[in-house]
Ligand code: TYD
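Listed next as structure tokens is one chain, alone, in the form predicted on its own.
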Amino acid sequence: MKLLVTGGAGFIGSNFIRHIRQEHPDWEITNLDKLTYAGNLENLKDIQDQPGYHFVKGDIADRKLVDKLLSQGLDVIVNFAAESHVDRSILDASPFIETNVKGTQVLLEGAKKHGIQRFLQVSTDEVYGSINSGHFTEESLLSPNSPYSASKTAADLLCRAYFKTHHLPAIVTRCTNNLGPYQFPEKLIPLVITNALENKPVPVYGDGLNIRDWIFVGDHCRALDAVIQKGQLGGIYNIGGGNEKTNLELIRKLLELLNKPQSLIQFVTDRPAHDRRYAVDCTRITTELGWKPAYSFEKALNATVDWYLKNESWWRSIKSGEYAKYYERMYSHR
């Protein structure tokens, strides 16, 4: 099988590529990534020269480039490429529309033109909005509350429209919060870990009682693998870990694991329209595809903390901005 993985230099994308290389070494992967602030080739340094893996620097909204890549006889598109940080979308939504909406539409058009066998849109539970009790199912109303989640909702609906109108073999997955190696340090868990290791304040929005469900990134990748192979075309699959925690509970646990004082916690003004709780029902993927998480929350959290402790140079270079400058120089002449 030949895959085009977009956004493969990011957190989940790089973990997915690593998973595929391990589980399906005969599959070929082309990794298309724009290398924005969250894209980092260091995430895949150990496999960059392996046969069957090829990196291309570029934008999914670049129609000519996408057409050129898809003309090479690829079978599957897995779209991770997205602007994904809610705070950034509040400050400026335009990059989110450009990448998450226009970029997805360019990929869909390319998939239609070149007869792609499967188009997997990797989405988020944030498209459902907030829920006070119970769990969102795949049939729940889409009610995004941030520019980021609105852009992902638009992309999901484009996939539905291309399936209905053009019979394009699109599938959408909506996952809860991921934790694990290689996550950009502005996200909650790596931010807490790295700030705590530097004895810097750990910011907590509002009262810290917002609830999120957490899943280990490796379990998410296994779910995506199952969807590629056995998922129903035109279908939607919720993916979750069944580990609901308040942000404050999670942060306190991380500080405990790092043997850092709880006094590092610093409550800050809440973000606008901050969703109170996310929770999804994963019955469909467990019933239809036989998938379930392999990592408990405790095992996932310990593995994540251990990785950041062992890879200090990775996150320090990111927080200093050195890696971004390096890749800017690397590609400036191309």
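Sequential numbering from 1, following the sequence displayed. Just so it is clear, the model here is predicted, and its values are computed rather than measured.
From this point on, the text means the form predicted in complex with thymidine-5'-diphosphate (TYD), which you will not see here.
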> With a 4.5 Å heavy atom cut-off, would you call residue 163 a contact of thymidine-5'-diphosphate (TYD) in the predicted complex?
Replying inline: no
> For residue 203, is any heavy atom within 4.5 Å of thymidine-5'-diphosphate (TYD) in the predicted complex, or not?
Replying inline: yes
>> Please determine whether residue 212 contacts thymidine-5'-diphosphate (TYD) in the predicted complex, using a 4.5 Å cut-off between heavy atoms.
In response: yes
>> So, residue 188 and thymidine-5'-diphosphate (TYD): in the predicted complex, are they within 4.5 Å at any heavy atom pair?
In response: yes
> Hey, of 267-275, 22-30, 283-291, 302-310, which bit sits against thymidine-5'-diphosphate (TYD) in the predicted complex at 4.5 Å between non-hydrogen atoms?
Replying inline: 267-275
> With thymidine-5'-diphosphate (TYD) left out of view, which of 76, 86, 93, 106 would have a heavy atom within 4.5 Å of it in the predicted complex?
Replying inline: 86
> Out of 145, 194, 247, 153, which one falls within 4.5 Å of thymidine-5'-diphosphate (TYD) in the predicted complex, going by heavy atoms?
Replying inline: 247
